[in-house]
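The data below hold one chain only, encoded as structure tokens and taken in the form predicted on its own.
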Amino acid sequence: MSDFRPLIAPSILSADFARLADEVAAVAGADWLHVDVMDGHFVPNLTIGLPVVQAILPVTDIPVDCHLMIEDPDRWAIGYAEAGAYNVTVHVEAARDPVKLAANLRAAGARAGLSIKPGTPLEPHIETLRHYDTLLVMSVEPGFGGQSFIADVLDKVRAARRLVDTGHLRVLVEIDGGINADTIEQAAEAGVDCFVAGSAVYGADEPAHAVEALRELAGTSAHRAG
């Protein structure tokens, strides 16, 4: 891990939606911009959809990372890829044909991500993950920001890290939920590559500085683990 550079993906779920363009600009220097799309069906919350993503894309150079917590992603996910999202993540619990969906997302120009809830085991989906670019491990129950980190999911992170390090998988390992200065180090030590952080970034006085601080914490921990 000597050349490891942690990726920090601020989640706009914790941003001020009335000032969204300004809030996006406030995290200049971030690696990805994480956008949570919730439909009120797959998860008990309703956030934003494709029109807002289409409005965000022209005002930022940060790669947009769309996390679709929605029913029927096989139908709806492609639109986010076609709009220009860099990474489009769907839930394995919702996708009907995740292998075909990964191919369609890539054909539309995006990286394909597969997310698993805290209670979903990794092992049954390893073969499916061979078709994906990103594994998003949820460290809270999806649906609402500001929840507490579930440390038990780090066993899945460690298992995925071993599969990547031994060449059995070629995915970037991402984590989402409860990531802050107190939890990012243990996530980094477990083998996470990309860290989604909402309130830890947007709750700070200087969001861009918070991004840098989190990246430094993660990098130090990953070096130590490596």
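One-based numbering along the sequence shown. Every value quoted in this text rests on a predicted model; they were computed, and no experiment measured them.
The same protein has a further form, the form predicted together with D-xylitol-5-phosphate, not shown here; the description that follows concerns it.
Interface residue among Met38, Val27, Ala190, Val64 relative to D-xylitol-5-phosphate in the model of the complex, by the heavy atom within 4.5 Å criterion: Met38. Though D-xylitol-5-phosphate is absent from this view, in the model of the complex it lies within 4.5 Å of a heavy atom of just one residue from Met138, Leu154, Ala81, Ala94, which is Met138. Heavy atoms within 4.5 Å of D-xylitol-5-phosphate in the model of the complex are found in one stretch of 71-79, 96-104, 138-146, 120-128, which is 138-146. In the model of the complex, D-xylitol-5-phosphate sits within 4.5 Å of a heavy atom of Leu13.
Although the partner is absent here, Ser199 sits close enough that one of its heavy atoms falls within 4.5 Å of D-xylitol-5-phosphate in the model of the complex.
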